[in-house]
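In the block that follows, a single chain appears as structure tokens, in the form predicted on its own.
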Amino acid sequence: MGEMKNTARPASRSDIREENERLILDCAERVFAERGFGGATMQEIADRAGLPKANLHYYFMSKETLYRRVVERIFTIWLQAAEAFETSATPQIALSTYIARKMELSREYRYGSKVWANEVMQGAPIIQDYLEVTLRDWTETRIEVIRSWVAAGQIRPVDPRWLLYMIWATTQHYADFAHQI
């Protein structure tokens, strides 16, 4: 038998950059969840990632920039989970798919969920602009979908905000109280 050639290509710079960013974001998510924005340090995040602090600053110029990316990442993941609102044929499928996915994400990304919750409980000092634009727009589109279900008689009358808040609160509980759960 002939020799097998190694066909795996060496990691490109973009692959390395992507992997380092993912590692940094994962470590930052945990540190921010444990210590909050004010208590977290770039040095601790770098140490957890096994990188020199200078490398951390190469990828993220400031703690606030890194923090915002952590928050945006969890919110983007949640937005993807909410696609069931646009793609499901019935409210039952949309809501059960969304709730199941949010529960799964609360377990998978419990640290990101805690970062989000802590930020909001502090009055959103860092991401207020994000809440006022991105979250408001997202919420309004879901409210319209829920209202259309009510108007079509597909679900019982419900205040769409209350329904969304209930889903968020219930699924968030799994992230915030993971030890109890």
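Every value quoted in this text rests on a predicted model; they were computed, and no experiment measured them. Position 1 is the first residue in the sequence shown; the rest follow in order.
Quick note: we don't show the form predicted together with the DNA, though the next part is all about it.
Student: The DNA isn't shown here, but in the predicted complex which of 136, 147, 53, 48 has a heavy atom within 4.5 Å of it?
Tutor: Contact with the DNA in the predicted complex is made by 53 alone.
Student: To verify the annotation, which of these, 141, 41, 122, 154, has a non-hydrogen atom within 4.5 Å of the DNA in the predicted complex?
Tutor: Result of the distance check: 41.
Student: Three residues, 69, 106 and 110; all within 4.5 Å of the DNA in the predicted complex via heavy atoms?
Tutor: No, none of the three is in contact.
Student: Within 4.5 Å, heavy atoms only: does residue 62 come near the DNA in the predicted complex?
Tutor: The answer is yes: residue 62 has a heavy atom within 4.5 Å of the DNA.
Student: Using heavy atoms and a 4.5 Å limit, would one call residue 158 a contact residue for the DNA in the predicted complex?
Tutor: No, residue 158 stays farther than 4.5 Å from the DNA in the predicted complex.
Student: How about residue 23: is it within 4.5 Å of the DNA in the predicted complex, going by heavy atoms?
Tutor: Close contact is absent here: in the predicted complex, residue 23 is far from the DNA, nothing within 4.5 Å, heavy atoms only.
Student: What residues, if any, in 93-109 have a non-hydrogen atom within 4.5 angstroms of the DNA in the predicted complex?
Tutor: Residues within 4.5 Å: none in this stretch.
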